[in-house]
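Single chain ahead, written as structure tokens, the form predicted alone.
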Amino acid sequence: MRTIDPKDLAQPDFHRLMIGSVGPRPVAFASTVDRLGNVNLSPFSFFNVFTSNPPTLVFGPNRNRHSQKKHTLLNLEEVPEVVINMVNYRMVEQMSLASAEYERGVNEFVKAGFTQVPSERVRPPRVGESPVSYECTVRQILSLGDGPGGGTLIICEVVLAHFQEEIFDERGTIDPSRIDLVGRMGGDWYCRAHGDALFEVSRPKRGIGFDNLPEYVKNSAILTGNDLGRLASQEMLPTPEEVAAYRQSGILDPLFQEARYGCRYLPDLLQLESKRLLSQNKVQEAWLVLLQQE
């Protein structure tokens, strides 16, 4: 491991380490207005949902490399209202264009080619192309530093939300492949929450736990940490009778025959078969295979 004290590095260097290792980060595409009504639109990847009661979003328009406040922050100090627009893949290049350092008062909706839609409860407009827009009032502006990269935490309460119909599935829930969100990585890199990048992990039950895995399972060179996590989530292991019945079913005969003739080592064959079953989320059957070693 490379161990680093933040005080031993220049701020930009440690900043690059943080944004390269903490991600993907969702993007808050924040629209604000100043006291004269001039519109600003800017993305921030120091952003996330904080709570749903009350519905609260937080983001950080940190100071730039010259220690200057971002236009978004200056606007929020004058008009504490913001619309946080979510960013999907089909708008990511336009979003990036809006992040350029234009002079204060320049409308990035115009520069980046976005549709300016009037909000209903706050003064800043929302982005018509965004799959989701949250109209928010600012609950608190918390300053965390005033040098280059100095942090400011904006705590926003959602007062009205807008969702494009096309992102919902037949059950009325948001389909991640339809909303097609992007996340920020380090440098110029982004990632897309779509296709093979999406996968499901079932909510954990009160399983047997890692500490109760047999030693030959914990020490396996074949099963990964993810495999062990699935095995440890099982609430109850198969009984000896179930293990014996599975062996007698003949399903594993080809593996035992291969091991009998010295082609492969039986524990490896059993663990490889268990791994295949785990990839299909057949956790109970994976255990029936593994316990043949006992």
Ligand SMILES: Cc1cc2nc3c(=O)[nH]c(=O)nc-3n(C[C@H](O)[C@H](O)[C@H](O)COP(=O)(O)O)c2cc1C
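No experiment lies behind these values; they were computed from the predicted model shown. Numbers follow the displayed sequence, beginning with 1.
Separately, the form predicted in complex with the ligand exists; it is not shown, and the next lines address it.
This chain appears without its partner; in the predicted bound form, the one residue of E77, E120, D169, E101 with a heavy atom within 4.5 Å of the ligand is E101. Contact annotation: P238 falls outside 4.5 Å of the ligand in the predicted bound form, judged by heavy atom distances. Using a 4.5 Å cutoff between non-hydrogen atoms, H71 counts as a contact of the ligand in the predicted bound form. Though the partner is left out of this view, F44 does reach within 4.5 Å of the ligand in the predicted bound form, counting heavy atoms only. Of the heavy atoms in Y190, some are within 4.5 Å of the ligand in the predicted bound form. Judged by heavy atoms within 4.5 Å of the ligand in the predicted bound form, the contact stretch among the candidates 45-53, 265-273, 248-256, 224-232 is 45-53. Taken together, N40, P61 and R184 are fully in contact with the ligand in the predicted bound form: each brings a heavy atom within 4.5 Å.
In the predicted bound form, just one residue of 7-32 lies within 4.5 Å of the ligand by at least one heavy atom: V27.
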